[in-house]
Every structure is written in C-alpha cells, then in structure tokens.
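Presented as structure tokens, the chain that follows is alone, the form predicted alone.
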C-alpha cells in the first residue's frame, strides 16, 4: 500500500482543502504517513499570496523529489506556475483546486499531469465533504471561494478564480455532519465571505440560516471585505450572540485614501473608520483584527503616517503586518518597488504602534470574566492550556483543562500581549 503525506502552506482554505484531499485518499485505500520521509507520495498544498511562501514551497518540492518522492503540487502556486513546475523539476504532477478529484488516479498511474483549469465545480468532490472525519473540536467549512475584486497587488483572482458560492443547504448539511462527530465550533471560510450569494441568500441571510439551523457552540467567519460589511449583517450577528461571534477580521491594508485607490480596495480612509464605528455601535464588545501592508509602490511617508493614524483611531485588537511583495500578473507589479530599507523601517514602526495599542486594550481585560474554549497547550508552557475568548483573543489558563472544554476565567494579568486567566468555572 502506497503511503501519502499532505503538507499545507498558507490560508485556512488550504487547510480545509488538505483535509478533503486526505479523506479522498483514505477513501481510495491509501495510508496516511506520519511524516514526509515515510511517504511515497507527498502532496504540497501551496500559497502564492506572498513570494516568500511560494519560493519556500518550490524549494521544498525539489528537496523531496531528490529524496525520491512522487510530488503532487496543488493549490495557488500550481495554478500560477503550471507546467513550469514540471519543466524545472519541482513536481511530478500539478493540479489546481478544481481538479483534486484526479489525485488518486494520478498517484495510481504515476502520471505526469498538469491540470490548472478552473472549469470544474467548487468542491467538485462534494461527497467527500460529507464523509470527512473531524480533526478536532473546531473545523473549517468553506462557503465560497474566489474573488472578483482584482486588487492591484493581489494574485488570488488569478489563482482561485472568480467568486463562486456553495448552496446554503450544503453548508448546513456539512455542519450537521461535523456536529454528529462532536465538533463544537465551525469557521465559515471564503476569500470574501461577506460577498457570499448562492442565488437566494446573501451573507447576512446565510449567517442567520446557519445559526438557526445548527447547534454548534460557536460560529466564526473569515475573511470579511470591509467594503461589504453591512448594517444588516451586523444586526444578524447581534441577534445571535454569543453563538455568532463578534470577532471581525477586517483587512485595512492601508490607511491612505490615495494608496487605497491605487490598491483598488473600493473604500476610503474615512469610510473604513465610519464602518468600524458602525460595528462598535451595534456590537459594543466586538474584537476587530486586521491586515496591514507597508511599502506599496505608491506609498509615501505621508501615506504611511495616514496608516498609523487609522491604527490609533480604530484601536485594532491585533494586526497581521507585512511588507508588500510584487506578485505576477498584478497591476502593482509593473510599478517601481520601494527600497527594502524603507519598507522594513515602516514595518517596525507599525508593529510597535499596533503592539502598544493592543497591550492597552488587553490591560482593560484585567479583572473581567470571560467564557473561553480551550484550544491547545500553550507554546511557552505546554503544561498550561491556551484558550480563546468569543472574540478570538488568546488566554493562557492557570491550570490544565482538557482540550475542547468550555470554562469561565478571570483575567489576572497581561504577560507580553497575552492575558493570563484564573479558571473559576
């Protein structure tokens, strides 16, 4: 029996796809290996959003082929590079995400195949969705994929294709399948979840439908597009608290209206701030996280100061910060890049400001009681568990509680940026 191993890079949607690929191969009689070196076949599920992740995956693929592994390249890099991955010796087979059902046959025949078309249906091997075995108490559920926005820096519309939404009934059916296995938390996934539309329901209506027709303890959703955050959606979330969480991940990218225009983001600095004000008016306890890019080709020092201004006014609870990196086929890749030293200095200033504000917000948690869901052992002290609040904030507990348990904790102090909590049940 041939053994396989799936290695995942990038976003949560890739994690979800990897679970389905794993289930598909198990269904076909293949054995899951403990490690890549124990496997005959390695499937690399890749990310092309940033160049660093892409290069890392390609280099690793060459290493595995040198070790004699049959390497199947899937995901966004497969879609981007296609046949080039065969020509340069990085892969034995290359498949985009709508051709994953072909993987078992390709492995069986040891075929050198390239299929990067997007003609197949979203989750074309849908039956696997309803057979997949849970990997933990919390699971991802893809509700849509693709993007129609074509931001000037982003490769996703070229790798994932245009927006396609799953029928709402299939989404709830999948959640019911997971519930029967003991899953108590689901995260609804999409490149732009709030642009969901299955022909009948928009995203707000889907949230209401899922919350009203499932019994999972907690329902999350990511990633939101700031320009599509509606009052209707916020009111639906408010009506289903605490099961629908008021954690909103809202990628700002830049605080400069000029740069946002060049990025083709579809909103201004002032509109973003107004949207956040609406969130906090309807969801007073909302936790707001974001993505922020520095060093976009047209970003000046004044533009960067605008970004810092938004960070101070919005007071994000956390921000994923990164340096712009040119991506093939995108409009921004044609513009002159800024010096790395400039981008790096701006990133350091941004991180310092985000962390300063985040710590101030964490300090306000001290003395308060939160209901948390225990996720995993703490990174710094595995004898203590790490849990998350409804707002997705991490809390390290003062004593061991089993993974997947729900407990109440009182925040006693903040260490670094991490709240420490005393279990009071």
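Just so it is clear, the model here is predicted, and its values are computed rather than measured. Numbering follows the first chain given and starts at 1.
What follows is about the form predicted together with a small molecule, which we do not show.
Self-check item: Option touching the small molecule, based on a heavy atom within 4.5 Å in the predicted bound form, out of 103, 293, 207, 314
Solution: Answer to the contact question: 293.
Inset, instruction - Note which of 325, 298, 187, 214 lies within 4.5 Å of the small molecule in the predicted bound form, where distance is taken over heavy atoms; exactly one does. - result: Residue within 4.5 Å of the partner: 325.
- Taking 4.5 angstroms as the cut-off for heavy atoms, does residue 192 touch the small molecule in the predicted bound form? Yes, residue 192 lies within 4.5 Å of the small molecule in the predicted bound form.
* Though only this chain appears here, would residue 253 touch the small molecule in the predicted bound form if you measure heavy atom gaps against 4.5 Å? -> Within the cut-off, so yes.
Review point. Contact between residue 49 and the small molecule in the predicted bound form at 4.5 Å, heavy atoms?
Key: Yes - in the predicted bound form, heavy atoms of residue 49 and the small molecule come within 4.5 Å of each other.
If we define contact as a non-hydrogen atom of the residue within 4.5 angstroms of the partner, is residue 268 a contact of the small molecule in the predicted bound form? Residue-level check for residue 268: no, no contact with the small molecule.
*asked:* Heavy atoms within 4.5 Å of the small molecule in the predicted bound form: which stretch in 150-158, 230-238, 82-90, 178-186 meets that?
replied: This holds for exactly one stretch, 150-158.
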